[in-house]
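Below, in structure tokens: the form predicted on its own, a single chain.
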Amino acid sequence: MKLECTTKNLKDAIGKAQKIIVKSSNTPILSSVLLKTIDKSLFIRSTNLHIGIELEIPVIIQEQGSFLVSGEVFSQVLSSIPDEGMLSVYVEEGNLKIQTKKSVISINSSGDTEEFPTLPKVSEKPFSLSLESFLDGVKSVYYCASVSDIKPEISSVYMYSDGNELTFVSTDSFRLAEKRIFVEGLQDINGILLPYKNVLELIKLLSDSEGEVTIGFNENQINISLPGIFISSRIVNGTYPNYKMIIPKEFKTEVIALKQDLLNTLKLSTIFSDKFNQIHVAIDSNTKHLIMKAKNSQKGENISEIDSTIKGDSIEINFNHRYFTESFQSIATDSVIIQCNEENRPVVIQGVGDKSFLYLIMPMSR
């Protein structure tokens, strides 16, 4: 193998590929990156067996070939080379040589290229949407997924179609987030369960990219591709809970307040919340006041009043302040509507005028 390419293109690709490698001496091949030339491109592949990525960059090829190299070592070497200009990459005497204008670096092989895992490719059921929309859907809900693998179905982001809307859902049984993204001509998707850990990797791998993404899937695997990037991830085999059963259809109390006012008060209340992260919210329909209280026996107490519009019955509810606060990262509007019933029933939070995102929290018992 012998080629020339821009330093920046190679550095960016290796930077992405090494994000998912397994940094363990017990599995040296999974801590490696496969370099392989095909026609006029260099393909760079890495995998941890749960998720894998293959990147394509244009190069000037003088000799075709392949090489397996430590992802961490290769990334460290490239990070020490300035972005400007071209560099040469070639195999000589079983080592990978990187030659710049001022230096020649030699890296040992980390194994046989024929033993490196392939990435499963799925040709069934492809559909496309903008990468921005896909990431919006994933980022709006993923933080609600359970981080425990005991119940893999809820340690996932659930994707399904509802007409022309691609719906993303996650829950950890204490709260739930649902985001709907319009996709013209969307096919029927009964359900895809993306593992939470793989979702974190997807966000890291794709956040600095743009364009249209094509998604194909079967019962075991999902492929996500856009120009120059191909990602393959396993999916969870299972049935997602019928979450719609717990979303109230009617409410006895509605509160509208500015999102920033709520965030500021929650930030203050966090200082004085107890060991259970508990805050107390009192909605008084007579005085039209929303009052947030937090008390800690060691630190002190905070009582704050928030300007708001209130309809319906008075109610007092306890919340985990972290669950409450995290919902606002997915709400784009300036004002928020909070809807509730009895003190032990689920509370729904949405942006005023935006029905694409719904957030549900289970209150805490006193």
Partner chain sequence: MIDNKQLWDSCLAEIEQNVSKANFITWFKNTHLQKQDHGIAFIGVPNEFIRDWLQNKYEKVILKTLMNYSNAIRGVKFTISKTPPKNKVIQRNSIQAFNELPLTETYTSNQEDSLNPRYTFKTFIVGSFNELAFAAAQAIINKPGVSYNPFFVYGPSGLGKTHLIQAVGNEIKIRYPHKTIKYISLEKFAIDYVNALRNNKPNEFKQKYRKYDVLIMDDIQFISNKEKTQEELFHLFNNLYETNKQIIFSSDKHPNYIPGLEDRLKTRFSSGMIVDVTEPDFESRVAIVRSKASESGIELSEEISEYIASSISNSVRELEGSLNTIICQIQLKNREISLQEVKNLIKNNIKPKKNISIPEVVKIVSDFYNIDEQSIYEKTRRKEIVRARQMVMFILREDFNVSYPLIGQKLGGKDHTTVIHSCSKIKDELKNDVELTGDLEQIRAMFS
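Since this is a predicted model, take the numbers as computed values, not measurements. Residue numbers count along the first chain shown, from 1.
Quick note: we don't show the form predicted together with the partner chain, though the next part is all about it.
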I'd like to know whether T27 contacts the partner chain in the predicted bound form, with contact meaning heavy atoms within 4.5 angstroms. yes
Answer yes if any heavy atom of D208 is within 4.5 Å of a heavy atom of the partner chain in the predicted bound form; otherwise answer no. no
Using a 4.5 angstroms cut-off on non-hydrogen atoms, would S232 count as touching the partner chain in the predicted bound form? yes
Report yes if any heavy atom of F116 sits within 4.5 Å of a heavy atom of the partner chain in the predicted bound form; otherwise report no. yes
Assess the spot marked by T47, N320 and L360: is the partner chain within 4.5 Å of a heavy atom from every one of these residues in the predicted bound form? yes
Given that the partner is absent here, state which listed stretch (101-109, 243-251, 73-81, 285-293) has heavy atoms within 4.5 Å of the partner chain in the predicted bound form. 243-251
Heavy atom within 4.5 Å of the partner chain in the predicted bound form: which of T265, T167, T171, S225 fits that? Just give me the one. T171
Name the single residue among Q260, S88, N218, N95 that comes within 4.5 Å of the partner chain in the predicted bound form, judging by heavy atoms. N218
Heavy atom within 4.5 Å of the partner chain in the predicted bound form: which residues of 50-74 meet that condition, in order? H50, I51, G52
